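Before any questions on how it binds or moves, here is one chain, the form predicted alone, in structure tokens.
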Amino acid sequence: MHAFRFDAGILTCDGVVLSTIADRAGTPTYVYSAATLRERVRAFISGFGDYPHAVHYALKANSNLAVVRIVRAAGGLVDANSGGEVEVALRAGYAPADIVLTGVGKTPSEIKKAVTLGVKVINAESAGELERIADTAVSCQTTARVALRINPNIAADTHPHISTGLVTHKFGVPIAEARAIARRADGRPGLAFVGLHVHIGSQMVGLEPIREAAAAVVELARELRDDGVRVEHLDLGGGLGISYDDETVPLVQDYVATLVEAVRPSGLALIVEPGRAVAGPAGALLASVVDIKHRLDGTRFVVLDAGMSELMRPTLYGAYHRITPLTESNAERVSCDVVGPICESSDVFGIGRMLPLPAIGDVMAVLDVGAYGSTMSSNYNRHPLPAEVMVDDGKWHVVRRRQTIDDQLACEE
């Protein structure tokens, strides 16, 4: 399904006219489809059938409280990458046992919080981190459930900045060292060693790297079982991509089937951590045209009131997002470089986009920004964080008000 579609030439989100939202909420504003969020979570859950599993939505993709509460109501659990994300999960109504804590470089306070709360599992990134978790648990007179993140040295065939499974990356422990590390952790006071974790990258559009990574950790789990080390589950991370430009990507059911096929012979339960594949298609960014600059070669700069401070992906990754006016037009299409107002030449949303020439004040929609959009926004150039809106059952409401300069300065002397 796709929430954002034209109805009689007017762009809508689940039937709600987006120009109405722009008029009343202003721009820049993120708009989310509750129906899409629910559908994507349920697709992952149903894809497993009766195979033992847990779907933990990756909060790093979009941790707006309203989004997280919809994920929870749809049956999804959560994967957190920081103490802040753990707090968001708790405030959204999750119990500690619903939370997986992942992330490189966990601070002492984050470890202590996870240990004392009793989260479902802490995915440890190194032998040293296992030791720190154990020491914390012993000092708190409790036992922490841990899994070891494996770096299988497998290329994810994605952008280098979001590839995480090669030995040159900071994530996890080399698979050649994992067996010995897990054996030392097993039975150590303060630790309950329960699983293995692997996540090789994000926005993956092929299944072979995922299949290869799953096979590697299944074999490691077999070796550990032979050593007498208890392994309850395999956490195969997330990373399933979405279609940003009509490219072919695996269906959720095919992705899940690939994981189950690889793991079924082991009989181990599966954890997955989808983020982008849940939230990405559920969001659009509305931005107004504030200037049009004509160039000698006949092309134009179309300047929006949103830029890299609102949506970092094009600047950070060279990422492609579809850009469209809110009203279809038969006017001649011209070449436009769609840019933002930030004082950086890298503040670009799209080069050479063929669009009907907009007018000042027109509103454009940047699509498929539900993941790694608002969550990566910043106050660069003192831009306020944008408003966020949820569309649900034919109605819409603001789920984060637009930030003010007073909000920004409240923490400063």
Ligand code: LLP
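Computed from a predicted model, the values in this text were never measured in an experiment. All residue numbers are counted from 1 along the displayed sequence.
We do not show the form predicted together with the named molecule, though everything after this point is about it.
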Item to check | Sole residue of V31, A58, V67, V369 within 4.5 Å of the named molecule in the model of the complex, by heavy atom | outcome: A58
Next on the checklist: So the named molecule isn't shown here. In the model of the complex, which residue out of G195, G172, P274, G307 has a non-hydrogen atom within 4.5 Å of it?
Outcome noted: P274
Item to check | Which of 47-55, 22-30, 372-380, 341-349 sits within 4.5 Å of the named molecule in the model of the complex, heavy atom basis | outcome: 372-380
Checklist entry - Is every one of T102, G238 and R313 in contact with the named molecule in the model of the complex, taking contact as a heavy atom within 4.5 Å? => result yes
Next on the checklist: If we define contact as a non-hydrogen atom of the residue within 4.5 angstroms of the partner, is R149 a contact of the named molecule in the model of the complex?
Outcome noted: yes
Checklist entry - Looking in the model of the complex, any heavy atom of K120 within 4.5 Å of the named molecule? => result no
Checklist entry - Taking heavy atoms only, is Y320 within 4.5 angstroms of the named molecule in the model of the complex? => result no
